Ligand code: SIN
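Below you will find one chain, with nothing else, as structure tokens; this is the form predicted on its own, and questions on how it binds or moves follow later.
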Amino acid sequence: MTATTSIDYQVFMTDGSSAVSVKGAQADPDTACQFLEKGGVIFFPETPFKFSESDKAFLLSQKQKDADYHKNIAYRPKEDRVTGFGAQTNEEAEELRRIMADFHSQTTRFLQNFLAPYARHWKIDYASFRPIEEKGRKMRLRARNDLLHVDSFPTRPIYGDRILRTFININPTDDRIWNTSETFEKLLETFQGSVKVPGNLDKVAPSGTSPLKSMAKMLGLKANGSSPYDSWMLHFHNFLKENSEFQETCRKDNWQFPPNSSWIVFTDMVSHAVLSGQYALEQTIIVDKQDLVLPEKAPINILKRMYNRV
């Protein structure tokens, strides 16, 4: 696979303003970062990431293991291994690992140029393959993808850094359908009086294993850790999914991502829901808050302003 770094793209603005088209010759990394941090979705009608037909066919044949436990098939780059898959042989497992590692490497190389300011201190998180049809998928309410939400990690605190995700629809025939609604900033303005007040947002968990994590491990459970920011964001994620009035009455914009298209979005800023679609690849990167082009748009800084934590 090879990636292109000078490329045309469109920006879908989730605040209700008009879409923006950017030609490769006019593009620069700071502009792309600004679009994303304001709540835009950068869209590539033709993905810059290329697969061989055999690799794509192999992915389309893969099954997810224990779908009630594993939300997706995940590639963990630090360990160079894949979890959540149902491959029947060691050869199939190795082939899946190779393809996922290749996808991970390619997206990382592309973003190092396309979003260069973020590459200084970013942390490369999991890549995932999502082989299950989202429409009608049976999941517990807080795990459902078809309800509008902003992302938060229940097990990996990020302390105010940002969740950047890059997607590819590798479905050969069907669009992947999203709804988006207001940005985090607008949502917090609306629900500020309905959600708990955050604690010390700059607090960082001590090094080592916390008592909460130790107890959770003993019980076979997952724990968030002790970051007030991450705990608050997880609470807000759950609040939005559980708020039936919001889900039913909020403004919704519908986006259709065709086969072989890609898109990039800060999923902790843009409220989003996946209504339908099968066979998507995704790479998560944690962007350090010190490298943001518009730091005032970071959820942690929005929270500080609105709750007088500055």
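We number the residues from 1 along the sequence you see. These figures come from a predicted structure and were not determined experimentally.
Absent from the display: the form predicted together with succinic acid (SIN). The rest refers to it.
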query	finding
All of T14, K38 and R162 with a heavy atom within 4.5 Å of succinic acid (SIN) in the predicted bound form	no
Heavy atom within 4.5 Å of succinic acid (SIN) in the predicted bound form - the one residue of L59, V274, I42, I285 that qualifies	V274
Listed residue that, although succinic acid (SIN) is not shown, lies within 4.5 Å of it in the predicted bound form (heavy atoms), from T83, Q106, N145, N238	N145
Per-stretch contact check against succinic acid (SIN) in the predicted bound form, the hit in 92-100, 174-182, 192-200, 118-126 (non-hydrogen atom, 4.5 angstroms)	174-182
Heavy atom of F167 within 4.5 Å of succinic acid (SIN) in the predicted bound form	yes
Residues in 146-163 with any heavy atom within 4.5 Å of succinic acid (SIN) in the predicted bound form	H149, D151
